[in-house]
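Just so you know, structure 1 and structure 2 below are the same protein chain in two forms, each on its own as structure tokens.
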Structure 1
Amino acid sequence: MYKSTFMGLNTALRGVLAQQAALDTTGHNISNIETTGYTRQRAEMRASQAWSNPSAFTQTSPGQIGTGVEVLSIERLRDQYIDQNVRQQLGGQAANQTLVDQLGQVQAAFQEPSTNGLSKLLTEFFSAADEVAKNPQESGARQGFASAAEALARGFNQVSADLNNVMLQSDARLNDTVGEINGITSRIAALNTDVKRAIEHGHQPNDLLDARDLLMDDLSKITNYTSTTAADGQVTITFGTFGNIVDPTVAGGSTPVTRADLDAAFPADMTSGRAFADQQLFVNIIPGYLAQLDALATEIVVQVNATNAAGFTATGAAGGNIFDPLFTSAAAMSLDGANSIMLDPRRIAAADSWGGTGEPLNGNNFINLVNTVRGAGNGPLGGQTFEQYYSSLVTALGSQAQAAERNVANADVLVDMAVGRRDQVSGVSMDEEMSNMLRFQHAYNASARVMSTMDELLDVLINRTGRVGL
């Protein structure tokens, strides 16, 4: 017993349908060549189940005859290990770019080098003190010193305020980040449900998977995480010791995080992403520069006040404070209101002695301020002078900013390499798709030609067999 007469027609039809599916897939790829996050798809074909003749005549007839081709599935070409590498590099790039942007604002707060920076104000302060030391009788020199002291205090106030503003920006972004993370995870949870439903009905939800992977890429730019994919297609995303932020087993499919959760995750569980950089800025970097600024302001106030208190004013009184001794930070640095040298510059204690009423003024006490206090290394500042300490602070900031810029450049290269590797696997190549289109078109035409030939054969068999002379 042999196979059906119409079997060849069905074999050709299978070829036509398979090549049509391949052409449809190629067209889908070409249409989405500019679609962000799209993954190239391919029609996976296999030989359909062969026909065999399970009869007593099997030994005298062909064992198995092919029945053509069938499309097993429409697969998307994706490598999860390459994806993990891309997301790791995206997180590093986002963290370093955030540091570069914010450190640029920190540098702008110091305004160095410029005519308004603390370095210039410190120089002008001691230059004004030197003028008083040289001309203690001149009211103009005393007024100039009072103005320079006030400008120095205001300079510290401004730098501190600007640094705090940059820190508050990081704080605000961290609060916004909570909403971003929860928004992304809720959308991933919704896609999880759609993916599972599609797979349960025997479909391959390629476009849904692309949308979910794109969201996971976006999440990696905010913070690092780990993920696993179950057999039903649903993904579980874990955020350090907090646990699963996307979990198909819980109601809604995701667990919202709070700002407290982000704070608790730093630094042990958080190693990359914008949130990591903002935590660094908010917790460590900017508070560190504020602490150094406060230390410098404190030492200036202590040393200058002590020097002025050791001298005598233009009226022969003992010197008082130049700066308010009760200040708590650079942000609160100001002239002493109870002994305001702005209101009465005669309160500046430039002289180192006063033998009696009418004794000629001298500037020896301010010579000490200029030569000893300014020039001597101060213990609390690591043995550095005021200007050396401030210069080292600004230099360290510049070095940190430069390092961040180098890291961004390196991260850009690593991201380009990782994305390039993914594009080689998952990206759409117009040349390749056009080549495939021609290949599938020829295969389609050939299968259609086989159908036409089989049709002619069947026409002869059905309509002409048995008719003599034809």
Structure 2
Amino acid sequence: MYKSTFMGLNTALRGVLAQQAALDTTGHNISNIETTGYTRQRAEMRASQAWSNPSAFTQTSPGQIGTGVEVLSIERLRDQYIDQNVRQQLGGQAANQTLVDQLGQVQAAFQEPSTNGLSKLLTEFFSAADEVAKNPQESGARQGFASAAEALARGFNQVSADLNNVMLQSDARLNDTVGEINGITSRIAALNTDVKRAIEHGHQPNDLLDARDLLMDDLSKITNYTSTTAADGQVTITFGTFGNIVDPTVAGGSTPVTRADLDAAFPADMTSGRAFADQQLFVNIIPGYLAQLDALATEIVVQVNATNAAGFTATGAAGGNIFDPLFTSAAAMSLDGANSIMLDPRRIAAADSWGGTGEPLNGNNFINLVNTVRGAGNGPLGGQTFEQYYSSLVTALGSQAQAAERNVANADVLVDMAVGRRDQVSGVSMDEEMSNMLRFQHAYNASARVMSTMDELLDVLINRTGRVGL
């Protein structure tokens, strides 16, 4: 059996087609050079089946003759282990970035160190008390102390309200997160179906896989999860003990989560991502600072009231409350309404005794307030004075924020490295694509030249031979 006269034409045609496919792929890569999550593709070629196969009926000939080239597949150059690493780092980065942002707001609420913070108000409170102690007969000094006490209470209210706001932001964001997670998982579920269908039909759905990987990157910025890919190309995503949030075996392909599920997952299953940071802020960090602030406010209310109650007012009566003893939280700290020293500063009990015709110059009870009460450690505050306790609170906050800032800087480096490694494998390089383009272009041209050479041969064969006698 002889090979077909026209076989060379077919071989050249295959070459032209294959190089065209490679050129198309190059064009696709170049077009998507700026597309987020795009993975570069490559046309994998191989030699098509040679002519002819040896068999009992085949004439022996000197070796097989190649039949040209075919495109085996369009490969997607991606490393799923790098993806896992990228997602892990993205989660850490998002968590720390959220912590830094929110702790920044917490720090802004405290306004330290500055001349507007609680520490300044506290110092001014005691200075005003000292002025009363020195000049108890002067209504101006008493009024000054009443204002300072009011300002201190307002200061506590303000910081507490600001902290509460930051906490509620985290709460609101967690609620939004639920929608985000469910949106992402339902889109992944839809892509799962498309991917499966494509693979069943023998296609390689590169761009669908890119879209799905991008969604999984986004999900990792919200929370950590585990994922497995089945042979049919579908992914299953598992969210801790909650179970699968993306599961091709259930109807719809995904299971929505609720806010309660997010709360239940913290802290055992949730260890990274924005949602993790918000949970930390909402459940632990900000309530912790609020509790410390409350403890401080309570202790100030208790001690100042007790001191005032031990003294005598400017009218010789026993002292009452300065601050309302019922409202000991920082949020509600206020001057006592029934015994308002704002309305009647004479109610300030600066005197430690009231003998004979009265002791309007006696400020010794307030000397006690400024000297002993201010300088004494308080049991509920861990044996610290008011000012020490507050200053260690701010120092602790600063350390926490500083640690978060450092972690973000580290996480940025890690994410850069991981994404860089991914780019190394999957990123499109313009220079590379252009040089490939030149290669494919030349290969195409050469195949075309082979074809026209074949054409000339056949022209000679058909038009110039067998013309004897014509």
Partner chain sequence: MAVRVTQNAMTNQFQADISKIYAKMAKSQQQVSDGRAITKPSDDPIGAGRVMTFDAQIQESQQNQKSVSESIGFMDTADTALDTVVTALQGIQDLTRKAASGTHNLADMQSIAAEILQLKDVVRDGLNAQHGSAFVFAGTGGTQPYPAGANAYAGTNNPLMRLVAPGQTVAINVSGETVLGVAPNNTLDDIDALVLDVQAGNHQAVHNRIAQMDTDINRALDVRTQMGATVKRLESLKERLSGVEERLTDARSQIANVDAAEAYMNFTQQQTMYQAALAAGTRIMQTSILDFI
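For residue numbers, the reference is structure 1: its sequence is counted from 1. Just so we're on the same page, rigid core means the largest C-alpha set that superposes within 1.5 Å between forms. Worth saying up front: this structure is predicted, and the values here are computed from it rather than measured.
- Of the two forms shown, the form predicted in complex with the partner chain is structure 2.
- The smaller of the two rigid parts, set against the larger, turns by 6° between structure 1 and structure 2.
- Here the rigid core is superposed, and Asp459 then shows its C-alpha moved by 4.2 angstrom between structure 1 and structure 2.
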